[in-house]
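Have a look below at one chain only, the form predicted alone, in structure tokens format.
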Amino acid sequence: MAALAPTTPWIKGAKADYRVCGVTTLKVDMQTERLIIANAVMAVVCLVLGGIAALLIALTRWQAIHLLDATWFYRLLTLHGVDMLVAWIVFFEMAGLHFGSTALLNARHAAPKLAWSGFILMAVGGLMANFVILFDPKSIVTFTAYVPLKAHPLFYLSYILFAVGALITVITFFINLVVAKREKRFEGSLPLAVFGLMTAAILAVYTLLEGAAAIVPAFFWSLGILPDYDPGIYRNFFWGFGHPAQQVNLAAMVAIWYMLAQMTVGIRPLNEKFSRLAFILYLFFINLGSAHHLLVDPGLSFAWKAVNTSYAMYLAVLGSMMHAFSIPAAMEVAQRAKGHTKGLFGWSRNDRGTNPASALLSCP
């Protein structure tokens, strides 16, 4: 990874502005720490709500119990989709972006007030979506909310508020990177984990803009301002949001893997350019895979579907395969360098119980 700047506080004498983590030894901006905790807590809240909805859905589908009627089944299905496929994932990604753009760079948060405004909008939007789905019978439209199904205007407004808040948070991530570079918090290129998080942030911008293209017209349509809304256009734009929202998570998750591998085992990728290329493949090709949700859509040509769901998607899959080989290979080299050379897979069995990364790779 790129060399980090010397670990000195950015404001002399301002000891209350940061603390040193006793586990990672990283300097953490206290404003950032509160933002990370707030986003992580909201992520867990949404995960719990989505999990409860999933349990109730299962108990309803179980014929021997059949807990709830059809209305509540679809209400919970909608709730489960929003909380599990959007809210909890994105909240956790925002926590990762705050951490990556400050602690991993030994930098301060350059725009905490703006970041808090983004969090508030996300929290209001997420809670509003749950409230509307649970208490408004018109908003039982499942996760996709395909037109001509029409939800309550507040359902679409909740999406808009959430998306605007997430976009503001992504903007603060880029602001932090610019300020950290200007203040010379790191030298050369970004550390690999931060580079991966930047990939996730770029994907998030595309994803949120696609979501706006789908949801904003639906909001005006639900208000009666827009007399009609073409279902084909909605489906196309919606999956430009619905599927890539999970690909943002993929890029962020892989970046966290690199970070944890270095923190726990002390490894560096055998070839950083190789890993960075894999992230770049995500940027250009991974969002094109959303077309597989539209394979039976009559409004799109076969050629468009074939290019997006096969040839382009293969290059995105290649990026994941590159990461899948890069991380374990680097861990093996690092463990063998420490003397763990017994057998073909002996390196993966060492430090079980004391080294979390090794425990994850341990054979049962």
Partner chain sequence: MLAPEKTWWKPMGRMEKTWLTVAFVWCVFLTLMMPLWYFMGKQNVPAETYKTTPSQFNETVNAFVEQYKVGEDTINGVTLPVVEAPPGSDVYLRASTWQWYPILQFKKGETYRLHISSMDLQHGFSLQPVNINLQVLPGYDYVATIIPTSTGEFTIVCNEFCSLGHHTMIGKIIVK
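Here the structure is a predicted model, which is why all the values come from computation and not from measurement. Residue numbers count along the first chain shown, from 1.
Keep in mind that the form predicted in complex with its partner chain is missing from the display, and what follows is about it.
In summary, among the residues Leu250, Ala245, Met259, Ala123, the only one with a non-hydrogen atom within 4.5 Å of its partner chain in the model of the complex is Met259.
For the residues Leu49, Met322, Met42, Leu56, the 4.5 Å heavy atom test against its partner chain in the model of the complex is passed only by Met322.
Using a 4.5 angstroms limit between non-hydrogen atoms, His80 is distant from its partner chain in the model of the complex. The closest heavy atom approach of Leu149 to its partner chain in the model of the complex falls within 4.5 Å. Shown alone here, Glu272 lies within 4.5 Å of its partner chain in the model of the complex, counting heavy atoms only. The shortest heavy atom separation between Pro298 and its partner chain in the model of the complex is within 4.5 Å. Contact with its partner chain in the model of the complex holds for all three of Leu104, Ala306 and Met313, each having a heavy atom within 4.5 Å. Of the candidate stretches 159 to 167, 107 to 115, 198 to 206, 134 to 142, only 134 to 142 has residues with heavy atoms within 4.5 Å of its partner chain in the model of the complex.
Of the residues in 67 to 83, those that come within 4.5 Å of its partner chain in the model of the complex through at least one heavy atom are, in sequence order, Ala70, Thr71, Tyr74.
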